[in-house]
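The chain below stands alone, shown as structure tokens; this is the form predicted on its own.
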């Protein structure tokens, strides 16, 4: 129980919601740069809970989220820092409480914004499932064994017997976060609790078929063309069970790639029989974005932290490289064959 494992957080959150009449200003809910389904889902889910509790809250993201998440209830009211810096800075300055969701250090909010968040006098609550949380919040609910931050939010509200305040809107947001961060319940951290929590979300009236259609059946043809490029140039290190995937900057420009078009591309690498590790390299103008996935006990978090300025989870991590794409691919292949 959260009350036993994270007593300070649980007590402070309980006091907050039971003394809600004394809150004088807005609650700010934030998530990491380049927000994904879990970042958006957990933030909007908590927002709907506060709304029905009678507490005013503002959801803020550092930059734009993928277009396939535009349908999520409440998404139209999200403040985007890169678009409205002055307004966001004012909200940060006025916030009495701040929730840091799905990231474990303010640096993951991006340059500029992380400084503003750090200087805020708001009481900070962290809910996150990544390893090694920093001390950037007074109250921390961190559990790397949880498959998503959205599941953690639901667990917290269920323990407080308050999850029904999510309504169908908040439940839909949390369900989206859970399915996107678990690969639709495929990844190793999924447990029986995940399905019990999902059942409780169903009880709140979600339409899972409609949500799946929004998330997985609404891609532009750009995505399929980019997917074709990536699969056509895929490299397989069969002896070591490693799949290497990449897209060049020129290929992305040709198809006018937009944010979210390559979401989940790295997972294709694990679909191969015998694959233990998949890595996807996306060449931007001045650096390489890298996504790592693995099976069983192959620790890509440690690998990413050690070699590619990154981190994450054991089976799902990210990184970056400022070498050329060719040099980055070569370095990865030289390192991974020994690591695996």
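What you are looking at is a predicted structure, and each value in this text was computed from that prediction instead of being measured. Numbering follows the first chain given and starts at 1.
From this point on, the text means the form predicted together with a small molecule, which you will not see here.
Using a 4.5 Å cutoff between non-hydrogen atoms, residue 309 counts as a contact of the small molecule in the model of the complex. Within this chain, residue 47 is remote from the site of the small molecule in the model of the complex, having no heavy atom within 4.5 Å.
Though the partner is left out of this view, residue 108 does reach within 4.5 Å of the small molecule in the model of the complex, counting heavy atoms only. With a 4.5 Å cutoff on heavy atoms, residue 214 does not count as touching the small molecule in the model of the complex; it lies far away.
With the partner omitted from this view, the residue of 325, 17, 316, 23 that lies near the small molecule in the model of the complex is 316 [heavy atom within 4.5 Å]. Look at 48-56, 283-291, 270-278, 62-70: in the model of the complex, residues with non-hydrogen atoms within 4.5 angstroms of the small molecule sit in 283-291.
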